[in-house]
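Next up: a single chain in structure tokens, the form predicted on its own.
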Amino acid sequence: MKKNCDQDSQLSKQIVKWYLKNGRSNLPWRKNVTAYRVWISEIMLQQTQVKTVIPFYKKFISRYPNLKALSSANEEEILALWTGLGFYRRAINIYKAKEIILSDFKNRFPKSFDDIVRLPGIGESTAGAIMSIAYQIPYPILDANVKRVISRYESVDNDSTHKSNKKLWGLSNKHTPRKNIFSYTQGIMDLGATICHNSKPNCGVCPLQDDCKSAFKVIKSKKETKKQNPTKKINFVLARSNCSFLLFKKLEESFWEGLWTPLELDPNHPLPWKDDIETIEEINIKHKLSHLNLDIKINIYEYEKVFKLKTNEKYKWVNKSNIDKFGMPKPIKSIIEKL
């Protein structure tokens, strides 16, 4: 949905002017802007707050500053850098996308919207952001912050229905300017994040207050009973030999997909390896995901030496000194670090 109109809207002009004076130009992905850096930041920012993303982004770019550096990375190395950021499918999609870029685009980030939006993990809004910010070609975006700003400015529903989203996409396209697209795109995201808050918008300092149809009105929040996430009990068994730990790669499509964990085993099921155990330790932890609470029990078994398994599962003995090279759930990594 490329921008195509004759005159820039008042909203876009006000946002550009506001951004040039008040925008978050100090964010690390707004320096030395390239399509690659915009891509990595936009993927990391999906469902994740800016303050959480910043250290992960800096670490990732330090390790892989460009596509050339990333091209030789394997999935494991990318997941290792993602440990603690969550939503690990994003990291897997980065790996898949860079493989496509390497094979189909001669390791150059594609420059057309249609090519970009076909890459794994990239939707229309992310593709629009890359086109607008990196290539400064006007395309609309519609992340959560932009939805909030436009829906309030135009006083239209923002209820995530197909009808609502279609209407907001049309309005986003209407307001996307022909020029100053870099400042506008960054600005409307910043405005939603820093002023047009979800429950208490700061209309008094908003550059859109004179024309916004919702300015200074009481924001009625829907009375929703707080959704209680279900709890999943997990029983892990962790074999240890000196400073090495027996870990298994989760291959099924679920939370922690692609990460290394201890073996998940039914409490009543016998150990699938020898039982000449020297010591046993039990650790219980609780861990919250965005949609699920985990009640985890880990039984740790210590052995004199490492051993091989007859299994179809992918496993490795990982030395404690090398755990930073493997993608692991944060609670599992934290436990191993303490052992």
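Residue numbers here begin at 1 and follow the sequence given. Only a predicted model underlies this, so the values are computations on that prediction, with no experimental measurement involved.
The form predicted together with the DNA is left out here; the points below concern that form.
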In the model of the complex, the residue from Glu75, Glu154, Glu124, Asp115 that sits within 4.5 Å of the DNA by heavy atoms: Glu124
Note: exactly one of Lys167, Lys249, Arg89, Arg178 sits with a heavy atom within 4.5 Å of the DNA in the model of the complex, namely Arg89
Each of His162, Trp256 and Lys288 having a non-hydrogen atom within 4.5 Å of the DNA in the model of the complex: is that the case here? yes
Can any non-hydrogen atom of Ala239 be found within 4.5 angstroms of the DNA in the model of the complex? no
Lys98, heavy atom within 4.5 angstroms of the DNA in the model of the complex: no
Check Ile195 for me: does it contact the DNA in the model of the complex (non-hydrogen atoms, 4.5 angstroms)? no
Would you please decide whether Leu45 lies within 4.5 angstroms of the DNA in the model of the complex, comparing each non-hydrogen atom pair? yes
Which one, 23 to 31, 57 to 65, 266 to 274, 310 to 318, holds residues whose non-hydrogen atoms are within 4.5 Å of the DNA in the model of the complex? 23 to 31
